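First, one chain by itself: the form predicted on its own, in structure tokens.
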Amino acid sequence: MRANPGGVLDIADIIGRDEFIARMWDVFNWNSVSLEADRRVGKTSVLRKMCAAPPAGWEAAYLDVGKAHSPTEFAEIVAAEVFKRLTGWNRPTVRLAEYLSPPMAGSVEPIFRLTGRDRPRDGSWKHLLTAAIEDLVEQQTEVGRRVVLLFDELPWMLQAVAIRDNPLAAAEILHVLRALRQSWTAGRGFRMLICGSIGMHHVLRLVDTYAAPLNDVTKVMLPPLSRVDAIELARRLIAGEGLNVEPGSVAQTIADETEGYPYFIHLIVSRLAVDSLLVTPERVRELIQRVLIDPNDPWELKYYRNRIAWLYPRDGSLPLVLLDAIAVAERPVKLAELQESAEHAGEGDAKKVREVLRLLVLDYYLSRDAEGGFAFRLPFLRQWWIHDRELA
């Protein structure tokens, strides 16, 4: 097994997720899922493994809907996947047939005939989406299979729709999906998974909907690898790269310093493989320290700072004020102290402080301990934040 940070892994090289995936399939027996996951924790690998090895009687269809920028484009992506699957089963597209145009010469992709393509609030996309899901549910029953539609980057798409069109258009997509999950004709057979690089809580905040369009979906959090699995991954990568490793705890050190994030484990081993030096725990820690102050930002940690502006457009400087105050503290910081820091920065709204802290926890910047103190979830991110924000 070779280090491959950010690349597409062989299914056999996706370590430590079998039990989690088995639990996910169990949930799909009775409900749809909203998968919550931090960046770089291995979400896409989990989805790929689900598609590659579903349980008997199940299929998983991966749809990257982040490329859609309107409700119509979203409906067309779903309809195209359903058409392809039903064609593969040699089953008819009873309802979808009403929307299909004659195929162009040499084209293998279906072309859907819709009105109002440039008017996202036009109802035609709803009819297409409904026809696709009802056809899928009906025909999967006929062939004795069940399909889960894995909507990757759905939150990103909804945010784009809300910004480019209006929040009501994004809310409409959520409401139509909810209606399909609860419909008498399709609901019992329709299963979907929502996930993405931003949390659905931001989308719901942006569209400002109080209709709870996801209250019927089971929320599941994908954690980092367990320490045992993180150590196993580090060991396999060390062996695959043929590193000259000091006997002892190098793999354990890599697992602990990365908090079990597979991407960073791959990164560290790939960097260690560049040299032929003896690898020790101390050298691993020195490497991480060099990375955290490298102006080229090889771990792309600036993403955590840059996304603040578009995740928290209503909150001004408050997220940065709170993160700065927590970063420089040597212990978890209580709410009262953070409210005081916010007041010094001209942010005196205590309710707003609590709300932003809640979102920073949901976005995996922070964790909160049993005593109510806030701290950075990832110690190495805290170190980088202090350096990047010049918070000596």
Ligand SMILES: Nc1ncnc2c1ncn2[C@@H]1O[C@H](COP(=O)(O)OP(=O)(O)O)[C@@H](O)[C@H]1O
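Note that this is a predicted model, so its numbers are computed, not measured. When you see a residue number, it is the position in the sequence shown, counting from 1.
This next part talks about the form predicted in complex with the named molecule, which is not shown.
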*Should the three residues Val176, Gly187 and Asp216 be counted as contacting the named molecule in the predicted bound form, with contact defined as a heavy atom within 4.5 Å for each?*
no
*May I ask you to state whether Leu381 is within 4.5 Å of the named molecule in the predicted bound form, using heavy atom distances?*
no
*Check whether Pro155 has any heavy atom within 4.5 Å of a heavy atom of the named molecule in the predicted bound form, and answer yes or no.*
no
_Contact flag, Ala325 vs the named molecule in the predicted bound form, heavy atom cut 4.5 Å_ = no
*Contact flag, Pro71 vs the named molecule in the predicted bound form, heavy atom cut 4.5 Å*: no
*asked:* I need to confirm a contact call. Of Val41, Val33, Val333, Leu63, which residue comes within 4.5 Å of the named molecule in the predicted bound form, counting heavy atoms only?
replied: Val41
_Among 277-285, 225-233, 294-302, 124-132, the region lying within 4.5 Å of the named molecule in the predicted bound form by heavy atom distance_ = 225-233
*in the predicted bound form, residues of 258-274 near the named molecule [heavy atom within 4.5 Å]*: Pro262, Tyr263, His266
